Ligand code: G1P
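Coming up is one lone chain in structure tokens, specifically the form predicted alone.
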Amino acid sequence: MIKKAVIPAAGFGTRFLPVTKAQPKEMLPIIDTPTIQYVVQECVDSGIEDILIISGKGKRSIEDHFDRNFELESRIQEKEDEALYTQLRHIESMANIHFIRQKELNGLGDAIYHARFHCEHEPFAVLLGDTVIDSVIPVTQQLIDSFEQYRQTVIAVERVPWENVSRYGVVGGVNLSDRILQLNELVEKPGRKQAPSNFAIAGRYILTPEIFRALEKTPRGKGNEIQLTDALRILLKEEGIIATLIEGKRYDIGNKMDFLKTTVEFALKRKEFSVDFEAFLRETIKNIDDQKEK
């Protein structure tokens, strides 16, 4: 059983400057909920309540968000807003969250290496802190199910258009079932002709403790950083790795266009204003079309 999760959240978020100059990208809200809260909730919904967040300079607000704020709670109680009070208490009690700093930004692989003492000798989940996946069954739970069946490192993948494979880490292998692939290749951002498939890594993993030995052997790669994909390539030479095709929709919150799309799609799912918001969108599109016809 997977009992621990690691959430790397130390990056600068340069794709979202200037707002990320003083605010972590993981705290950017999807309507009224920080991105990283959705990620933590996915862990909890998958039965994991022991979570290590790898943070960095300027990330203190993440710790504050999951901490208790007695003064704010008191103010909410005075206003007799029981629903909001319950919501605030849920945030600080939803999981047992630990924090450690990645003092130098040396890549995703290095961030995960910081978890070696916390995870010790047991497999653990990794969830990227700026990636939200909307699914009926939490994607981390889907990976846990695959791990319990095959007892191998598991990588979440999604099918992407062939013309977009150069944006992602891509895997190749042999089908074990409709959704499971026994890997024989991992390629970071390949050209279309070099890509072994159009299955892109989707920001969720179940890693065995052997990943730490692989990371120790991993030389610095792109950007002079230690890349997780490079470490997985080393690990693949020593043991089996499978990929699970996820059932759900992934949102990359670190990308401005995807962030805008995510906000719209999540807003349309919120009962309290979905009807009015849809009407607003339809009216906006109508006005755009009318302007084009003039």
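Just so it is clear, the model here is predicted, and its values are computed rather than measured. Numbers for residues come from their place in the sequence shown, where the first is 1.
Not on display, but discussed next: the form predicted together with the named molecule.
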## Note on the structure
Among 29-37, 222-230, 51-59, 236-244, the stretch whose residues bring a heavy atom within 4.5 Å of the named molecule in the predicted bound form is 222-230
#### Entry: Distance check, residue 179 to the named molecule in the predicted bound form, heavy atom within 4.5 Å
no
### in the predicted bound form, residue 210 touching the named molecule (heavy atom, 4.5 Å)
no
### Message
I'd like to check something about residue 131: if you look in the predicted bound form, is any of its heavy atoms closer than or equal to 4.5 Å to a heavy atom of the named molecule?
### Response
yes
### Query
Is there any non-hydrogen atom of residue 124 lying within 4.5 Å of the named molecule in the predicted bound form?
no
## Note on the structure
Heavy atom within 4.5 Å of the named molecule in the predicted bound form, from candidates 108, 215, 183, 139, belongs to 108
### Task
Answer yes or no: in the predicted bound form, does the named molecule come within 4.5 Å of a heavy atom in every one of 168, 189 and 201?
yes
